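Take a look at this single chain in structure tokens; it is the form predicted on its own.
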Amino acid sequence: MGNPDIAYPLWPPLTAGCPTTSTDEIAYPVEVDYDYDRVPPGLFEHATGTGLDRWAPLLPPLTAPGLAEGGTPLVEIADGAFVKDEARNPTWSHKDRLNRCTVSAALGAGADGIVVASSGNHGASAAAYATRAGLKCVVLTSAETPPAVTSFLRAYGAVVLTVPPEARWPLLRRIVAETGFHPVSNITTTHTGHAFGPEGYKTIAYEIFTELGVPAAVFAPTGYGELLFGVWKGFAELARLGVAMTTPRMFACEPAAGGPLARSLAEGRPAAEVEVAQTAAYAINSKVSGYRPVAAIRASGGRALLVDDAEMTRAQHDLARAGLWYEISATAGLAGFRQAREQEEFDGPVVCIATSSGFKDIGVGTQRPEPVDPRWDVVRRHLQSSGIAC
């Protein structure tokens, strides 16, 4: 992406960014390109199949078996405001779309296994798709990994190594070098990510379009920005194919505790690194950004928004009262939309992507309910104190 005129073969997948344009300061990602003239006419009117297979003509080879990922509902929560509920995926997060593609890359490259650095959704999802594909999986995680994620990893038989956060990426690179395992996490200083990953996220745009058309804006929880870029690329492809006439503005919703993307945009840089403070939104609290989300925001006329824990907590509470329970990181999209709505109006529907289930929050599952005396006078007092007349 540092120079669109440079091209490389699809195989083997480049996992360390562009070897020509990258420097010691910035690693430029590579992306998958297609012969768009060969896309079947009517794909978006008559697509068949389930999961990502429905969109196979616009994806890298899906050699890994799927788990019926994708096809998640679009839920209206207010007049013209929708939530794309990615918690309905097989491992309860949007990462399943990415890992169907990245594990396919590992199989296509002939690797015996994959390695991932993650304390949350990415590790759980990668472990699921690896075991389904018959590959070994090593997950480098931290002591703060939520209980639900730990349970996922154990169930899928992953090799889980709990190490200090600063050791994860050096160890990941060493494991790749020593074992030949395929990295499905970023291995560069600034974020490039896996080239196949955002291709899975494109399908979110396809699904939104087939159900809603092109929204005025999309608000995405943002750590490294791969999700944001993938959704943008999906809409850009729809426009390139002549299926859609417009594209939405893309809004990155980062924790105010960090915000490297907001910094890179403000300073006109392709990527940035910042110090991060504590936040409950651990899943998207990133120190470094990459070039992908910068490109998406610039091309779409969008913005990077910084949302704090109080804003995300309110959004999480309100979504739960609407019957939708997400981890706090996943609610950054709605928090960002509410912030932006105070500054501008949107001419059309907006979509807030909710990335993962409330079961993924730190501390969930550690509290036990207090027993209640079953005598009616005690129960009645409890009911009345909750506003229930009896």
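Note that residue numbering follows the sequence shown and begins at 1. Keep in mind it's a predicted model, so treat the numbers as computed, not measured.
Not on display, but discussed next: the form predicted in complex with a further copy of the same chain.
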*asked:* Check S386 for me: does it contact a further copy of the same chain in the model of the complex (non-hydrogen atoms, 4.5 angstroms)?
replied: yes
*F196 near a further copy of the same chain in the model of the complex, any heavy atom under 4.5 Å?*
no
*R298: heavy atom within 4.5 Å of a further copy of the same chain in the model of the complex?*
no
_Can you tell me whether E267 touches a further copy of the same chain? I mean in the model of the complex, with a 4.5 angstroms heavy atom cut-off._
no
*Which one, 333-341, 38-46, 347-355, 65-73, holds residues whose non-hydrogen atoms are within 4.5 Å of a further copy of the same chain in the model of the complex?*
65-73
_Heavy atom within 4.5 Å of a further copy of the same chain in the model of the complex - residue from T203, S185, S104, N89_ = N89
_Please tell me which of T210, N285, S151, T189 lies within 4.5 Å of a further copy of the same chain in the model of the complex, judged by heavy atoms._
S151
*Run the contact test on R132, F181 and E370 with a 4.5 Å heavy atom cut-off to a further copy of the same chain in the model of the complex and return yes or no.*
yes
*For 229-267: residues with a non-hydrogen atom within 4.5 angstroms of a further copy of the same chain in the model of the complex?*
none
*Any idea whether G242 and G80 get closer or farther by CA distance in the model of the complex, knowing it moves 3 angstroms or more?*
farther
